[in-house]
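Quick heads-up: it's one chain on its own, the form predicted on its own, in structure tokens.
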């Protein structure tokens, strides 16, 4: 989880990723940031995020993003 928080803070500093649960709905992350985030996650965690998983619900909080990563690692 710490690696994910580091990636998020590098891409978009100034957000409390530990508590924010509306990263997409609250427009904290825009589409370009999300594309960069996906690329960073795929490199860092050695997973591939399929297009069907790129939905707001999977990216609204650091916890949800981390859960997605764990799910993909277990597949």
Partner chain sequence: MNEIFSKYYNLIFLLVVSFNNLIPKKIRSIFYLIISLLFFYIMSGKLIIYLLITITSIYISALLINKVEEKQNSSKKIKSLILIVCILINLAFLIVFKYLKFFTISTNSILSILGINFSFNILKFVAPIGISFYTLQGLSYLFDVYNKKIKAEKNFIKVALFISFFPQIMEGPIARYEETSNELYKNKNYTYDSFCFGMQRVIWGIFKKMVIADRLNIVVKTVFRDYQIFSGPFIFIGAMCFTIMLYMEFSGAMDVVIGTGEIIGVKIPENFRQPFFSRNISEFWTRWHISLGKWFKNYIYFPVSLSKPVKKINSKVKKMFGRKVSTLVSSGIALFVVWLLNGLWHGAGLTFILFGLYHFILIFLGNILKPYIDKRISKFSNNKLFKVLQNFKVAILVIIGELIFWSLNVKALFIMLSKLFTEFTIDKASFVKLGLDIPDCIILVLSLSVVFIVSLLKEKNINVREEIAKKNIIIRWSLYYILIFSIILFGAYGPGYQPVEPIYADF
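The structure displayed is predicted, hence computed values, not measured ones. Numbering follows the first chain given and starts at 1.
Just so you know, the form predicted together with the partner chain exists too; it's not on screen, but the next bit is about it.
The three marked residues, 1, 8 and 16, fail to reach the partner chain in the predicted bound form, with no heavy atom of any inside 4.5 Å. In the predicted bound form, residue 53 approaches the partner chain with a heavy atom inside 4.5 Å. Mapping the unseen interface onto this chain, residue 42 counts among the residues with a heavy atom inside 4.5 Å of the partner chain in the predicted bound form. Proximity of residue 48 to the partner chain in the predicted bound form falls within the 4.5 Å heavy atom cutoff. Contacts between 22-40 and the partner chain, taken as any heavy atom within 4.5 Å in the predicted bound form, involve 27, 30, 31, 32, 34, 35, 36, 38, 39, 40.
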